[in-house]
Ligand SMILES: C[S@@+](CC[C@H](N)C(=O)[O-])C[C@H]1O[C@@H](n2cnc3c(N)ncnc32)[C@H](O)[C@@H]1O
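Coming up is one lone chain in structure tokens, specifically the form predicted alone.
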Amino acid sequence: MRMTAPAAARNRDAILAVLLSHLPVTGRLLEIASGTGEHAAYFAAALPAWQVQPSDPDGERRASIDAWCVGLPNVTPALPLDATAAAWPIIQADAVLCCNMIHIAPWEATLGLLRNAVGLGAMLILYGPYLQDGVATAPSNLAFDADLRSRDPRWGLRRLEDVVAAADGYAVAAVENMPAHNLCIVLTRS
């Protein structure tokens, strides 16, 4: 029942370092688009004072998430959550984490993520590849962007500046360079 994504094992330590640097000691972490569940399980084990709430719109992925998180007392069952929804099935979170969703979803998913996260009053941490004004894009990211757009024209790497501009109610606390030409953006309530 457990699905795997090789990138999860490669990037989890770098993402955890950002979480440890920016999260308070305790709270509730909502993960959007938890996918296989590997991150949720890893972060929950490393952050035992945090309650971790994974989510995903896909039922098979929620089953995988729950399978990965068996035995972790600080993880609640994965929620069926669509980032584009007008309202989410959760009313409280101290931080929202979203890894590798923005580029493989329509822009409306990013707007829903930003709108709903700020409505929760939560810090927002975004991980993935971005295009940046005035910064050369790695050839591998350009090829990845072209591949995504060939699969669905609504997908593709987003300009960091567009995401930040759409993040009403947030201020950029940090932009961390990550392995494999990715970024981790930490947004706090402004």
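One-based numbering along the sequence shown. Source: prediction; values computed, not measured.
Not pictured, yet referred to below: the form predicted together with the ligand.
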Notebook entry, point to check: Using a 4.5 Å heavy atom cut-off, which stretch among 158 to 166, 33 to 41, 135 to 143, 117 to 125 contacts the ligand in the model of the complex?
Noted result: 33 to 41
Item checked: is_contact(Arg61, the ligand) in the model of the complex, heavy atom dist at most 4.5 Å -> yes
Notebook entry, point to check: At the 4.5 Å heavy atom threshold, is Met101 in contact with the ligand in the model of the complex?
Noted result: yes
Margin query: I'd like to know if Thr84 sits close to the ligand in the model of the complex, meaning any non-hydrogen atom pair within 4.5 angstroms.
Written below: yes
Margin query: Using a 4.5 angstroms cut-off on non-hydrogen atoms, would Ala105 count as touching the ligand in the model of the complex?
Written below: yes
